[in-house]
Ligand code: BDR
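Encoded as structure tokens, the following chain is the form predicted alone, with no partner shown.
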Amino acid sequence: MHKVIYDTDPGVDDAMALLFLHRHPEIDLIGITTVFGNASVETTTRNALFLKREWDIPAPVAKGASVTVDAARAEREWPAMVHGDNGLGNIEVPHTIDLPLDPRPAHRFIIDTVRANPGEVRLVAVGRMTNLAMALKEDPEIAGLVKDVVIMGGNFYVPGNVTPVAEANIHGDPEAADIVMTAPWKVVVIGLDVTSITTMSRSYLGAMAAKGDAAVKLLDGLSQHYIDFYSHAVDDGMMVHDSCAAVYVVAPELFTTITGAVRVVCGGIADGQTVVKPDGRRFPPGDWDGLPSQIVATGIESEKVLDLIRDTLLRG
């Protein structure tokens, strides 16, 4: 059984990944931590509580970071054109959800949970890496206690999606991402190289909703705005970014990977770019030396991933 803390900024594709993590029989979802990104942290936390309530998810929710680890960074606009003004595709969501939050901030929840389950917790982080970086800064020893970190973010051999070279989650807090990539724990980077070619059509999702229960029907409803946004890049469908990271937890064999030290560019025109130095490649001494070798996904069996998502969500 995989013990998972899901660090997220719901977010439409975050919602699909959440339902996958909740319903997969080999996953024990032991916590949900929220971060700013697809909307303010107040909104993403409200959305997490809403989905917890609607989908009867027992895992506690802990509210996380509202700003980047580098306080000097300017606030950016929320991507309402992607996820809607409320982060969940503009479906009707109550302003407040009558469920309690865990009293701890997200980074403290991560530290305490990892220390209570040494060597067992897998962190699945699909938003900005701010909570993880804060946890490392407060308690660096957790790097040796986490089983691994699976992130949705970055791009290596394909273009970015917010600048020519940067992906949104990394671009949103590059300093945090660099802290996470260079820490002495195992990081698996599921980036645009694989997520941008893993697309679920409107009709595929609709067929799932027709077969599925109320949870899948809600997911179908909140995804429509997102699918409309992707009309410029996908033929009547959406990229299932965050669900790819969730799938890796249980089916890593569906991914092709390379290994190497990873750094994140902080500042300048390449702000947020992720760069891997593949193991075995020789370069003059530089800023990738002496760092842990991480796992970077470069290929994916997209149809099998989509079918695993479908079969898991339809478990009910």
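Just so it is clear, the structure is predicted and the values come from calculations on it, not from any experiment. Heads up: residue numbers just count along the shown sequence, starting at 1.
What comes next is about the form predicted together with ligand BDR, which does not appear here.
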At the 4.5 Å heavy atom threshold, is Val124 in contact with ligand BDR in the predicted complex? no
Answer for Asn169 alone: is it within 4.5 Å of ligand BDR in the predicted complex, judged on heavy atom distances? yes
Is Asn161 close to ligand BDR in the predicted complex, meaning a heavy atom pair under 4.5 Å apart or at it? yes
Closest heavy atom of Asp173 to ligand BDR in the predicted complex, within 4.5 Å or not? no
Give me the residue from Met152, Val194, Ile110, Leu222 that has a heavy atom within 4.5 Å of ligand BDR in the predicted complex. Met152
Going by heavy atoms within 4.5 Å, which of 173 to 181, 240 to 248, 135 to 143, 214 to 222 lines up against ligand BDR in the predicted complex? 240 to 248
Considering only 257 to 296, what residues come within 4.5 Å of ligand BDR in the predicted complex, judged by heavy atoms? none
